[in-house]
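Only one chain is given next, in structure tokens, and it is the form predicted on its own.
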Amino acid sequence: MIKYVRLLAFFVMSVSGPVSVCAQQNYVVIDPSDSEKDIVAKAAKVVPTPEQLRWQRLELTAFFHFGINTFTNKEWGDGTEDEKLFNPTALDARQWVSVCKRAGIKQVILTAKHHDGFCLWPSKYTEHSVKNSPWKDGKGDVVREVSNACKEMGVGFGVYLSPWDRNNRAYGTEAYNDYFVNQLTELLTNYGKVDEVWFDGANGEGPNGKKQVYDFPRWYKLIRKLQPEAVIAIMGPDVRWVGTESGYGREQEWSVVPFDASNIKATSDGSQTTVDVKPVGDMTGDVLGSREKILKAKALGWYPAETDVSIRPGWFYHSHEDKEVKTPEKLMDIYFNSVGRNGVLLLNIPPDRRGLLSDADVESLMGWKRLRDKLFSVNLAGNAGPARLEKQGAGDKGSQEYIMQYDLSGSSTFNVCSLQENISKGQRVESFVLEGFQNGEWKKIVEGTTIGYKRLLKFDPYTASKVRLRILSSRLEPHIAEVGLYKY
């Protein structure tokens, strides 16, 4: 999945009715008369939709890049491939999903159609699909096999459908949007529940030499109708791309970010609307939702980051990369810098020409799972019981300071801290410091900015019998869900 051409951005939503701001919703309009205090309070009350909250709690998701490119040894096909090249000898979608589940991955996304236009299901609307391949005598359906495996094993199921299609001659005309809607309808109606629909922004020329104007509002409306519980990712209103394909998120990652308010009209009860328009604006900067950014915003919305990376250098399987699979230790570092930076990790694991996840990939995934299990097996702060959040004097930027103190069971040594906010009540923490009690005084162990759903911090081993979390700056009172201390 190389997605060099992206139309990255954010969204606005529109329905009929007057603007109304309720106590908590997933977007809010900033009034020109709002003071800094007003804006900060509004930002604190922006929360995820139930679908966004479910998605964030997954933490780990997987991409299966599989298709005609697997057999041509390419990353991007050109749409002229012979369908007969697609012929996996031992395809087993249950193996794919089982490996992911054993690795702790909660949801998978299949590249049902990449830029080459080759479809992994027997679409009625094109001949460039598995129905014209020798695999299972043209009777096979990879999408069905993956969706069935997901349902059997209790793993979420998502589909990637490339808006760019280098095979279809209608690409570049309005007729292509009809074609795309027909294919999207097939995927959303024939395979049961779909949990995520993933669009990238690739937009090249078609066989006719023309570029396509994508009808995103129409696509979003269709998804909301047919799969209302699905999140629409990347070129969609629910989940944004973090901005790189390295697996590393931002040091300061806000889920509440500014966006254009020019087209916003909210429902009278302040609930989320289901009519969405195409994302606009650049969401790839170093810091998106800082206090400086939100004070200049016309509106704010909950728009969390998905952090994608491949377990290999490429996105599709290439045998020459078998010795370049990311190690368990590298995957662990990526985990700390994606999930541990308020993101959801989307890890690509490409099936090989047999139609199986390779031994090298499986071995690395299982090693990574063992590292995570070992690290998080014992929370050294767990026996201290829930700490009470206590207000202190004013902290940074004139906001209230809060402290949570933990008395550990004797002297303990640790080098990892896990922090979580209850994001169902918003993302609020702007800066914090973790301190340990040594030699009769409190000393800084590590500090940070945002927390969000999860923040993981590594530091030199530290020994203490008491620790405290000082929240130096917060948008209204913070809601801390977890403080964990671990030894890695």
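Treat the numbers as computed from the prediction; the structure is a model and nothing was measured. We number the residues from 1 along the sequence you see.
The next section is about a form of this same protein that is not shown, the form predicted together with beta-L-fucopyranose (FUL).
J.: Of Tyr160, Trp135, Tyr214, Tyr317, which one comes within 4.5 Å of beta-L-fucopyranose (FUL) in the predicted bound form, counting heavy atoms only?
T.: Of Tyr160, Trp135, Tyr214, Tyr317, the residue with a heavy atom within 4.5 Å of beta-L-fucopyranose (FUL) in the predicted bound form is Tyr160.
J.: Of the residues Trp76, Tyr248, Tyr179, Phe376, which one places a heavy atom within 4.5 Å of beta-L-fucopyranose (FUL) in the predicted bound form?
T.: Looking at Trp76, Tyr248, Tyr179, Phe376 one by one, just Trp76 meets the 4.5 Å heavy-atom criterion.
J.: Looking at heavy atoms inside 4.5 Å, which stretch does beta-L-fucopyranose (FUL) contact in the predicted bound form, given the options 124 to 132, 110 to 118, 328 to 336, 357 to 365?
T.: That would be stretch 110 to 118.
J.: Any of the heavy atoms of Phe63 lying within 4.5 Å of beta-L-fucopyranose (FUL) in the predicted bound form?
T.: Answer yes; at least one heavy atom of Phe63 falls within 4.5 Å of beta-L-fucopyranose (FUL) in the predicted bound form.
J.: Answer with yes or no whether Glu253 is in contact with beta-L-fucopyranose (FUL) in the predicted bound form, where contact means some heavy atom within 4.5 Å.
T.: The answer is no: Glu253 has no heavy atom within 4.5 Å of beta-L-fucopyranose (FUL).
J.: When the contact criterion is heavy atoms within 4.5 Å, does Asp200 count as touching beta-L-fucopyranose (FUL) in the predicted bound form?
T.: Residue-level check for Asp200: yes, a contact with beta-L-fucopyranose (FUL).
J.: Wondering, does Asp165 line up within 4.5 Å of beta-L-fucopyranose (FUL) in the predicted bound form on heavy atoms?
T.: No, no contact at 4.5 Å.
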